[in-house]
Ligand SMILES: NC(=O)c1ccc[n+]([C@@H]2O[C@H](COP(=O)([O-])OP(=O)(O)OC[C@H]3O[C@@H](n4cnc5c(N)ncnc54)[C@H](OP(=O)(O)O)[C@@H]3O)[C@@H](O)[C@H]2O)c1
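Given as structure tokens, the chain that follows is alone and in the form predicted on its own.
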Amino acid sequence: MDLQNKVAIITGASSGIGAAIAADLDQAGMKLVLTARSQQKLADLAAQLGNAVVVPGEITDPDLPQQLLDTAINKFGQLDVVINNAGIMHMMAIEDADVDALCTMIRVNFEAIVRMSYTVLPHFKQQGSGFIVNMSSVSGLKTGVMTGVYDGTKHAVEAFTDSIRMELAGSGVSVATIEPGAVATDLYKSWRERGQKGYDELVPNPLQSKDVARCVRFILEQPAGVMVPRLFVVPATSPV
């Protein structure tokens, strides 16, 4: 895909990987629709970019996907790419698990991707082109202690993405996942609040958000006859 003047929606765009993706795709000449909870952070980011609009909201709001699609069409006249990046991560032992928090994580990490995908895919199929990139994780390929629910959401993302990728084969619409290892972001905030170290503190020289952003652009810019359905990227020091 030639990214110049193409239009992308990015969820979870206000910081970390989402903000880095926005900056990289902006450099490639894309027009952006950015969403996250913090209106101020989104506004600050958009002010640094060439052509971006912001739509603050809760990613679990059932009405948000249609609002994002409508914004892209009304503002820029088209939509070409969706980056489903929003996500949270809780690590909890059975004895002190906050079930409501874990179920919210399921909604943010998986349900929101399903809603966003099924909202934009009819539009993509009708125009005969489009690309969805779903942010997965190394946790979508393995499991760990006390991260079972998080791992489950990422396994679900992998299965869902594979299924719709196969369904869309030959339609001109592509779907892929990116599976990062430890990235130095606020993803592990809830761990630190519980006095636990995040993976980014346990792995020397973790990935930076811009490393993952480069992966997104790499997938999008492949020639028309090439499809990279998943990209697994970890720090060079990672034992995974």
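Treat the numbers as computed from the prediction; the structure is a model and nothing was measured. In this text, residue numbers run from 1 along the sequence as written.
Although it is not shown, the form predicted together with the named molecule is what the next lines describe.
> Exactly one stretch in 67-75, 135-143, 93-101, 115-123 has heavy atoms within 4.5 Å of the named molecule in the predicted complex; which is it?
Correct option: 135-143.
> Considering Met30, Ile59, Leu45, Leu34, which brings a non-hydrogen atom within 4.5 Å of the named molecule in the predicted complex?
Residue within 4.5 Å of the partner: Ile59.
> Quick one: of Val108, Ala156, Val149, Leu79, which gets a non-hydrogen atom within 4.5 angstroms of the named molecule in the predicted complex?
After the contact test, the surviving option is Val108.
> Would Ile83 show up as a contact with the named molecule in the predicted complex if we use heavy atoms at 4.5 Å?
No.
> Should Ser171 be counted as a contact of the named molecule in the predicted complex, where contact means heavy atoms within 4.5 Å?
No, no contact at 4.5 Å.
> Does Ile17 reach the named molecule in the predicted complex, with heavy atoms at most 4.5 Å apart?
So Ile17 counts as contacting the named molecule.
> So, in the predicted complex, is Ala176 in contact with the named molecule at a 4.5 angstroms heavy atom limit?
So Ala176 does not count as contacting the named molecule.
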